[in-house]
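Form predicted alone, single chain, as structure tokens, below.
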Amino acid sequence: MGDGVYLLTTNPGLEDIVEIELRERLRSRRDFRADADAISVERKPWGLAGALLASCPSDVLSDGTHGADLEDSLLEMQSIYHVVRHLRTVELPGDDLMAELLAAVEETAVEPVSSDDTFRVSSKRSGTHPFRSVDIEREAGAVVQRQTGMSVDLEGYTVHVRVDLRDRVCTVGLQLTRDGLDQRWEWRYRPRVALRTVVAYGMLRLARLGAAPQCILDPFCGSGTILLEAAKMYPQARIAGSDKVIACVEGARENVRAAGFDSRVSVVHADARDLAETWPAASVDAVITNPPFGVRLGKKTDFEHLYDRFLRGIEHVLRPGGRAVFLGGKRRHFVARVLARMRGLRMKHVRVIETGGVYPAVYVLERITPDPAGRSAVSEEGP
């Protein structure tokens, strides 16, 4: 039996969060705990941002339960979109890339589980090639059909073959996820632009709240993505949300009810620029939110004034030691200038991620007791 190798996909910039969650989940499984550290994880394999390659040695998989435990753990993760059982990597050396790619597919063992299996082939391609992704899907599909005898079924398939090409690196695998693992909520209300659940989970992890925060607040809750992720992660915590758009308030409440969290998640109509008027001082452990401080507000928006009001509100509502995590575009100079005027918040971490084709910065701030002798505005840390 060979090594079990799996390709995991996430948002570029959150690869470390994925590795942390994976190791935690494996250590939590009684049968896998002793072997959890045997898993090797490569971030950004083949230079591919937003991807990880997790490998489990064959001697660990020789225990019949471990393969199922590993795949079950992967399919329960909140920080990823898809899981692909990786079968083969080939660097295509010659000039006839399509012929070499098809030879790689032909040399890869793709075996149906039953005689009723059907399949589809999907492909993602990046780089310059004399063919398109749809050409790979059609030609590779013909190879798989000839090898296995399975019929093509683009909708009702039971086997999902992936043949991806990045420059000259071809990877072949079996995708284990049909819908993305981020599709875990029943959305009664969903605006056109909404925060991805994987990003919300990553923001909550970056807050480093420990095992038992008492209260988490999202003052720009929108459709409630952060509220739902927080309620799932911290079942003992009180989760509060607010928004100044009444349609968002009503929609978030519907989504919270659909998820079964309405007994401990509350959503109110309020303006996040006036947090001190809505929430008592030092009343929450964390503010996790996605303010609309991006291009949608227009070039004439006074962003520094918005950040000033927002961050002063955070300073008011956070308990000492509490954390704030928010997406704020790339306007670091506004955040830095506002923080320089405040004595109760310091920056702990900042990173850039990719989501939906844009690259916002994630800021992590901590509520501190001001030091009369002075303090540093930045204290860098990881997740």
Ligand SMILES: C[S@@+](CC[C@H](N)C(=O)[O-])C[C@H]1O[C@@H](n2cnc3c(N)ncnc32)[C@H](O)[C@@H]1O
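Since this is a predicted model, take the numbers as computed values, not measurements. For every residue, the number given is its place in the sequence shown, counted from 1.
Below: the form predicted together with this ligand, not depicted.
With the partner omitted here, the residue from V245, A281, A99, L75 that has a non-hydrogen atom within 4.5 angstroms of this ligand in the model of the complex is V245. Listed residues R168, R190, R85, R132 were compared with this ligand in the model of the complex; R190 is the one with a heavy atom within 4.5 Å.
Contact annotation for A270: at least one heavy atom lies within 4.5 Å of this ligand in the model of the complex. Heavy atoms of P219 reach within 4.5 Å of this ligand in the model of the complex, making it an interface residue. Within this chain, G173 is remote from the site of this ligand in the model of the complex, having no heavy atom within 4.5 Å. Taking the partner from the other structure, this ligand in the model of the complex has no heavy atom within 4.5 Å of any heavy atom of P112.
Within 4.5 Å of this ligand in the model of the complex, a heavy atom is found for not a single one of V41, S123 and V161. Residues of just one listed stretch (206 to 214, 124 to 132, 88 to 96, 236 to 244) have heavy atoms within 4.5 Å of this ligand in the model of the complex: 236 to 244.
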